[in-house]
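The chain below stands alone and is given as structure tokens, in the form predicted alone.
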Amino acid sequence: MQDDFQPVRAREALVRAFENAITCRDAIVIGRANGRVNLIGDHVDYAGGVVLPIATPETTSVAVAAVRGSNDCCTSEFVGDPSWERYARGVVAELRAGGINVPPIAIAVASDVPVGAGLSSSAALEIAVARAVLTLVGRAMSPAELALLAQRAEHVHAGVPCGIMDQWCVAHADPNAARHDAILLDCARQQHEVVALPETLRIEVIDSGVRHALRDGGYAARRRDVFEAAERLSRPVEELACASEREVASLPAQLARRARHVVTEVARVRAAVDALRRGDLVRFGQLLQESHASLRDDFDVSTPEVDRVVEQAMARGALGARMTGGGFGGCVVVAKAM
């Protein structure tokens, strides 16, 4: 077995999955990827905006091996969403469609990235699968190529019209790193720079306990609104983030609220980066609060349970707190001073 890391639930969890009626032809190879939490900048990646995600310590581990027969097979130590196979098989299909000769394989998964919590469990799975399969067949891809392939797999095979943020952050994170700084990603240009977080800033992630599934329709509906807003402004959707608040105010009420969130959120991301670089944690916290209000009131993607977590965090002295991820449940990211 090729193994250069300590798996999330220990190597035995993945090996045990293979012992369940899977006959391996060759050595087992393991790939690994982090989850991610977005500090600020949600629902702007598909509109050409900038985002500020950071990798989380939680990881997904994937073991693969060539098997006898003509079909792939999957098994999992995953807790939660049984539809994970669509994401894993989609990555393999896209690798094959790209001309990479992947033999029939077995895939086993173990993960401590919460599913449906807005911490990018799907992107972590996709990138881990891609890394494992590429290692198995002796091929390599750049992090950018991995991100785009994983995004395509999610669009085509899982039916989720996601932006590039999750896959880009996960693909560029080193799962063995002791510390991760934030990534300021320009989604339109697909370029990023590292933003060091102040040593005095502590980031916490609190699970609301409410689970979501982006394929259920709410995410796609919001995305359709953003596309329609861009169309009415005679802009490509990738340029909606560059519109002015005056422009978006001319739209019908619901579309105006959606577009206003995109425009103001991009401004908040840039202001947040400036605040972090200046060490102004109070201003950074204020921007998180403003972001949550926009996602709640203009984008309608928060929930009462998530709002309560935000309120409770602020009552306990947080600098700022906001929902993170696609919405409709999931987690809250909290900024505290150390």
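The first residue of the sequence shown is number 1, and the count goes up from there. Just so you know, these numbers come straight off a predicted model, no measurement behind them.
There is also a form predicted in complex with a small molecule; it is not shown, and the following applies to it.
K.L.:
Since the partner isn't included here, can you check whether the small molecule sits close to all of 36, 46 and 164 in the predicted complex (heavy atom within 4.5 Å for each)?
P.N.:
Yes: each residue has a heavy atom within 4.5 Å of the partner.
K.L.:
Pick from 104-112, 199-207, 165-173, 129-137: which stretch has non-hydrogen atoms within 4.5 Å of the small molecule in the predicted complex?
P.N.:
That would be stretch 165-173.
K.L.:
Examine residue 326 and determine whether its closest non-hydrogen atom to the small molecule in the predicted complex is within 4.5 angstroms.
P.N.:
Taking the distances in the predicted complex, the answer for residue 326 is yes, it comes within 4.5 Å of the small molecule.
K.L.:
Mark residue 84 yes when one of its heavy atoms lies within 4.5 Å of a heavy atom of the small molecule in the predicted complex, and no otherwise.
P.N.:
It does not: once the small molecule is placed as it appears in the predicted complex, residue 84 has no heavy atom within 4.5 Å of it.
K.L.:
Even though the partner isn't displayed, in the predicted complex is residue 41 close enough to the small molecule, meaning a heavy atom within 4.5 Å?
P.N.:
Yes, residue 41 lies within 4.5 Å of the small molecule in the predicted complex.
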